[in-house]
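The form predicted on its own is given below as one chain in structure tokens.
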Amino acid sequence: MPEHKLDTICVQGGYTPANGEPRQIPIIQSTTFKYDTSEEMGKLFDLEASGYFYTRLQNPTNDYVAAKIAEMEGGTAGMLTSSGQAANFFAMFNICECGGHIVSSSSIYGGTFNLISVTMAKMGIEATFVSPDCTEEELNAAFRENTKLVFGETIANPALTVLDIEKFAKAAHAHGVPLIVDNTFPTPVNCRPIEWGADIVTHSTTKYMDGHGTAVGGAIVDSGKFNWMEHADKYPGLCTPDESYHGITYAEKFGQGGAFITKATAQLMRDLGSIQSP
């Protein structure tokens, strides 16, 4: 099948109704889901089967919309959050914990700058900010042994600075870490950062993707291109057993294309609960 144009994905992506099912994505406004046996529920809780049991972790409506955004971005998996701030925090905290370090463009949304420089600093995460116009030498000099990721915005809010995604991706990959790009301002209609080297893409869907000024929301998309197991020493949360979730090793069980989003859902959404209402 030929690849669909973006116009088609905007309308049809993420949801393919079967005979007799709603033509439009249905709003499944339910906190919980019924099963006939506790064994079926147990498989869902253990991530041994796919399905829904509690909307804080997953909801069909949210999954359809996340799948649409992931398809628009050219990614392998996606998830929705309650806001763009939650999306950026989840995307970074999913792989950068206490003792870690972030390299970030200095020209980013003020709320995200504060998130990284103040709030995450209180959690023991350090950051080095570099100008988006820095030289490759200046950019590479910002990395440390404990650097876990690089962050930037495709077009900065509100400075409108344009990020050289290829330059930042090249540096990130040379140091064995992923590049996370907030693509809120362009949306995937105008720029698809994964095509230029980004590994994780975030959105405040509150802005242009909403389009009506009616709903606050966020999204995270994984490109599926970063090989976590090749850098297992940097990312034990993805590459070693998670004792808080039945000893699952996400990178092994869900592969390169699914590990990041599954961990963000099973760990961060479970514990912090920043879910978007269906």
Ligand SMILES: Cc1ncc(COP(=O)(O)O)c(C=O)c1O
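The numbering used is simple: start at 1 and walk along the sequence shown. Note that the coordinates shown come from a computational prediction; the quantities given were computed from them, not determined experimentally.
Unshown form predicted in complex with this ligand; subsequent notes refer to it.
Although the partner is absent from this view, G237 stays clear of this ligand in the predicted complex, with no non-hydrogen atom inside 4.5 angstroms. Looking at S106, you'd find every heavy atom of it more than 4.5 angstroms from this ligand in the predicted complex. This ligand is not drawn, but in the predicted complex it has a heavy atom within 4.5 Å of D182. Although the partner is absent here, K170 sits far enough away that none of its heavy atoms falls within 4.5 Å of this ligand in the predicted complex. Screening T147, T112, T187, T76 for any heavy atom within 4.5 Å of this ligand in the predicted complex leaves a single hit, T112. Checking T128, T206, N140, T161 against this ligand in the predicted complex, a heavy atom within 4.5 Å turns up for just one residue: T206. Only one of 170 to 178, 113 to 121, 67 to 75, 85 to 93 places residue heavy atoms within 4.5 angstroms of this ligand in the predicted complex, namely 85 to 93. Contact residues in stretch 151 to 171 (any heavy atom within 4.5 Å of this ligand, taken in the predicted complex) are E153, N157.
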